[in-house]
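The data below hold one chain only, encoded as structure tokens and taken in the form predicted on its own.
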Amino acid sequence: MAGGSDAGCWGKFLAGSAGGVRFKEIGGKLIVLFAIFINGLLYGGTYALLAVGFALVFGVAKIVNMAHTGFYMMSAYLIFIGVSVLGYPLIVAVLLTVVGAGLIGVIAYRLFLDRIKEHETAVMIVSVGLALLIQELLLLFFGGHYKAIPPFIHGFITISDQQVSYQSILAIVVSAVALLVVWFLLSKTMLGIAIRAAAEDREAASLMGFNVGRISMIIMGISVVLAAVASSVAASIFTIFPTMWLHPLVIVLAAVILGGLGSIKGSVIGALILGFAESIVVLTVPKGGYLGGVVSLCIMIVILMIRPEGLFGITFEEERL
């Protein structure tokens, strides 16, 4: 009895003392740090998939595809159509979307971008127009209402009093696996050799027998597939709407420039930096959700003032990828 009474008194003392307050504050800070870590991986992984796809197209085809996140948005709506309109199981809708989005990306490249790829300004204008076309079609058929896609896995896991959804963990794992697949493709396959050769010197690659035009078309398909994969894991966590391509576009541009134009490694690291920065702002600053893009651009500007070529920027064309 005495021991139980002593324990009760000690508990009351801690609860009312400065030491108890510090303990609670430390526990609260750890929870916030854990949430920042998980959200940073979630945001950073999604942005990294988009940034790698963008950097691949720029490195090989030498075009700035401003419609890249438009395909990300399109993929989210294709999954929504498959699940909510056609009644397909989620996994079937995702697989069909990934394949279909890749084909749409190849067709869009052939119809709109391939013919004008030598004119950088024209490519940017046409690709922005393509993204706006996707946006307006979605507004026409679905209106401006927010839509939701069911998660692959329901439920939460509790870690240190912090709940993390299984879907968030799945999104982080899928992003990491997809990035490893891209690394393997570029480093260990004949297609990867052709891609790197075309990125380093298009004329030399053509003289060596590589079909640079076909490689550029394949890269466009791969980049849109990566956007669809990012959409398949992120759309179940975030709501989808017809202007959802704008914010990721700002982040992707900032990540690619921050990491160094044409650098795949730089794009991944830049995306992770901005993902964690956005997570910190969202969780620690009042109404920080509205400041994510601004913070990303500020970080990009500061880095470029110190290192104009970016963190892993190139000096010569042959250093790409």
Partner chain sequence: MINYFRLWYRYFQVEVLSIPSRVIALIFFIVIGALPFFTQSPQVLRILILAGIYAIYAVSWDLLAGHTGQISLGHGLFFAVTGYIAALLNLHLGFGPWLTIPIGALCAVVVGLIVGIPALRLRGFYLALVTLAFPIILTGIIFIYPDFTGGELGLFGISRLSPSRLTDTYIVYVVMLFSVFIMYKLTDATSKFVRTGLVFQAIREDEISARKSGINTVKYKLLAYSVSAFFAGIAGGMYAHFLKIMGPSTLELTFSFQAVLWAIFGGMGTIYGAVVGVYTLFPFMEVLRFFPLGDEIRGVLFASVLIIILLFMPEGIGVWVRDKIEITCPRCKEINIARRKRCRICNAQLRLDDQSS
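Positions refer to the first chain, counted from 1. Computed from a predicted model, the values in this text were never measured in an experiment.
Missing here is the form predicted in complex with its partner chain; even so, the following discussion is about that form.
Listed stretches are 131-139, 198-206, 92-100, 180-188; the contact stretch with its partner chain in the predicted bound form is 131-139, by a heavy atom cutoff of 4.5 Å. Looking at its partner chain in the predicted bound form, residues 104, 107 and 193 place no heavy atom within 4.5 Å of it. Comment: its partner chain is not present in this chain, but in the predicted bound form one of 269, 277, 253, 57 has a heavy atom within 4.5 Å of it, namely 253.
Interface residue remark: residue 64 is counted as part of the site for its partner chain in the predicted bound form, having a heavy atom within 4.5 Å. The closest heavy atom approach of residue 126 to its partner chain in the predicted bound form falls within 4.5 Å. Although the partner is absent here, residue 261 is a contact residue: one of its heavy atoms lies within 4.5 angstroms of its partner chain in the predicted bound form. Its partner chain is not shown here, but in the predicted bound form it comes within 4.5 Å of a heavy atom of residue 122. In the predicted bound form, the residues of 88-116 lying within 4.5 Å of its partner chain by at least one heavy atom are, in order, 111, 112, 115, 116.
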